[in-house]
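Just one chain follows, in the form predicted on its own, and it is written as structure tokens.
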Amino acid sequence: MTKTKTAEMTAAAETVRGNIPLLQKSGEHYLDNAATALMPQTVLQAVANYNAETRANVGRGLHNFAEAADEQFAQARATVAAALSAKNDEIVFTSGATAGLNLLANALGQTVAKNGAVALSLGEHHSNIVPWQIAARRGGFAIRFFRLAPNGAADLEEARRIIRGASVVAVAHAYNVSGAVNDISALAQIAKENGAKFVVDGAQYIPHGFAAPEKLGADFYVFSGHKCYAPNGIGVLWGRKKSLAELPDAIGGGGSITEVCEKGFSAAEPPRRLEAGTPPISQTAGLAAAIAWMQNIPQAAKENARNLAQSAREELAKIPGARVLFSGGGENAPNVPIVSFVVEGAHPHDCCQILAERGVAVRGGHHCAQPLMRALGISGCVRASFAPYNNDKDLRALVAAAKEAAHILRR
């Protein structure tokens, strides 16, 4: 990489960093972005503006505040739809990816025969495992798992075998431990060949680049706002219009119906039918602002985050006793900037504590991926995750603190 390119990436990252108030107030080396990304000023302001100027519920209100809230809510839906190359009525607001996956498991689980199956990968977050297991208990169907390849992505050959005969396939677009990006189009084709509905968990992918779920072949796609610079408590469920309309009723309440009587109810059309109750209105304002901000992140800053992650893999692997779990596949591999590692004989929480004492914020444990941890023969690991506002100082601090942790914990 040329000095000019490196300088360009560094400058871009510093520009992005300047938009994050929390980083201006703190000397923390924040590398826990895969859990929660930090919010830029424009997002903080959007949420504050709603609460200060527009605060009202959406739907059915005729006063000025309610009409302003309706307009803002509709615009937020349009902003999300445009980012996903989708239609407005294909966007369902939820409280997060977990809520979206629970909704889908509850609904699609009703369509799986007792002798049927749902296929998942071993790399899934618990939020894309447990809801299907709950549905399987009710419906009496099986859950099948296919393993990951050495590069940390889904093993497509085994996936082809495991998916055969399944009614639903649910898989992450990018994994929260390996950072590997799955070949979603290939998995979608396998699901289609088997007549299975295809659900994609985009929680770890969307922070690094918008997807066009329909073009990828997905039937449903979910993601969370708090991982892409938006507030907590907001998520998105995208579905093909036909797929949303065919979902069995899974939730109910105000806003999701057209009529209720003593004998039953009539459901509204999607997306309203899937948005029972008061929606996360201020959070949608923040999500729309976050998406607008993300669309202006320089490509060089995104490249810098990936470059930092690859350098972290290489430097951490040199530390005696440290082991990087996945290689990342090299500089041009389709990975999000996540690096997971273990220190032999040390608990990941002890490693994280030592790093935290040195101002390095990472995450340790099983990362809601216990099936994967068992497959790897470990109980947990340390995860560093980079964002476009991270810089070389963050990388150097991570490596230096990890060296100290390995030295202290392996004595």
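From 1 onward, residues are counted along the sequence shown. Remember, it's a predicted structure, so these values are computed and weren't measured experimentally.
From this point on, the text means the form predicted in complex with a small molecule, which you will not see here.
**Student:** Using a 4.5 Å heavy atom cut-off, which residue among Ser127, Gln72, Asn182, Gln283 comes into contact with the small molecule in the predicted complex?
**Tutor:** Contact with the small molecule in the predicted complex is made by Ser127 alone.
**Student:** Can you pick the one in Val339, Ala203, Ala119, Val236 that has a heavy atom within 4.5 Å of the small molecule in the predicted complex?
**Tutor:** Of the candidates Val339, Ala203, Ala119, Val236, Ala203 is the one lying within 4.5 Å of the small molecule in the predicted complex.
**Student:** Does the small molecule come within 4.5 Å of any heavy atom of Gly96 in the predicted complex?
**Tutor:** The answer is yes: Gly96 has a heavy atom within 4.5 Å of the small molecule.
**Student:** Would Asn176 count as touching the small molecule in the predicted complex under a 4.5 Å heavy atom rule?
**Tutor:** Asn176: yes, in contact with the small molecule in the predicted complex.
**Student:** Check Lys197 for me: does it contact the small molecule in the predicted complex (non-hydrogen atoms, 4.5 angstroms)?
**Tutor:** No, no contact at 4.5 Å.
**Student:** Under a 4.5 Å heavy atom criterion, is Lys302 part of the interface with the small molecule in the predicted complex?
**Tutor:** Heavy-atom contact with the small molecule at 4.5 Å: absent for Lys302.
**Student:** Please identify, from 316 to 324, 284 to 292, 243 to 251, 203 to 211, the stretch that has a heavy atom within 4.5 Å of the small molecule in the predicted complex.
**Tutor:** Result of the contact check: 203 to 211.
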